[in-house]
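Only one chain is given next, in structure tokens, and it is the form predicted alone.
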């Protein structure tokens, strides 16, 4: 037969007491009467309360208790009293007293001097003398009174708090009475049917513990979509719905020629400075550039052509051959447009790209050294600024941004150029959401595209709309090594207004 546990004895004693008296006004006193700790009784009370066998009411009291330091003073005396007791009639040096008292020396010296219990030999500040025969150690008496649960004046409490000798402690105990399901002896409920139960036949007489069929099971382990990738997929679907084809963006390393020169961006432009662009050390340069096209780009930069005056500077090939981490996906657009120009006959195209770009920027709440750029372009005959505005309205309305404004801007490779603003209902203001324009003829014609073919294009970051849609105010919480996986798990799925 199984041996009864101590908890079973405590439970039996509590139920018997409640059965005879009807209540337990103080669980602390009752625990003492049983000769057990209050912690043991508390476990039994919680178990019985869960089954409504007893009703318990919390009794909460905050009391001041002594710190370990104060307990030592209550036992041995205050530091000042210990100091005075350690001084012989002829006095003692500070070093000798410090050796006797240890950590209590400094506190004792200050308090004893304040009480005028000690003094110093004239001309010798190192010799400590007693100025009183006996001292009344009020601090020790106050600490003993508190330790015994006696009431002390508020002024004493304030002084002990200032000296960090007491701390407040919350005590919880219970008053108990019979619950609606009260029984003198609790039955042990079976949780399952064993082989032994079946053999003996006693399963017929067993009472089984209720099962909670509404309880939730363990969450199923599954993958989670990163918010940035969720919005990226939604934007890709918008481009595909509008008839766009994705451009290949698998070359993070690009030459300055495709990143800057082919875009009619001069070699003295500030964007080419190492403070703005990451240049590679190895391989530092490339020679794999289309020679005929490169020569045309050089001439346009130096002396103009195709209706342009050019920039009038000495264009350098070694500057164009420098390798870098691409600063925008428009470098991909120049490659795809040059390839399109070589295909005969010309056929109109719509392209898009969404991929990573790199800028040597100071990292803060809204900027990282790498981010994602979204770009769309249409190449066809006779396109105008009106076509660009119309496409932008269709594109951004699919993102849920129907209120748009356009502001004239400058880009080296587009003319005219426009910044795009959308009214943000949450922020109650107009927010810049992208840039756009029509590629310049001096950029397109050297590629070999036919006269009359225009290209309209626009771009925006992926991070900004994602932060707005998910209510994230720090880009480092969205992208990079500091992203909290719990953020990804807890964020609801975001749907754009398609």
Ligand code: PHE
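Quick caveat, the model's predicted, so the values are computed rather than measured. Residue numbers count along the first chain shown, from 1.
Keep in mind that the form predicted together with ligand PHE is missing from the display, and what follows is about it.
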Q. If we take heavy atoms and a 4.5 Å cut-off, which stretch out of 457-465, 23-31, 45-53, 58-66 is in contact with ligand PHE in the predicted bound form?
A. 457-465
Q.
Quick check on this chain: which one of 359, 232, 322, 372 has a heavy atom within 4.5 Å of ligand PHE in the predicted bound form?
A. 359
(Q) By the heavy atom within 4.5 Å rule, which residue out of 142, 78, 256, 330 makes contact with ligand PHE in the predicted bound form? (A) 330
Q. Would residue 286 show up as a contact with ligand PHE in the predicted bound form if we use heavy atoms at 4.5 Å?
A. no
**Q.** 4.5 Å heavy atom contact, residue 411 to ligand PHE in the predicted bound form
**A.** yes
(Q) Within 4.5 Å, heavy atoms only: does residue 435 come near ligand PHE in the predicted bound form? (A) yes
Q: Let me know which residues along 231-253 have a heavy atom within 4.5 Å of ligand PHE in the predicted bound form, or say none if there are none.
A: none
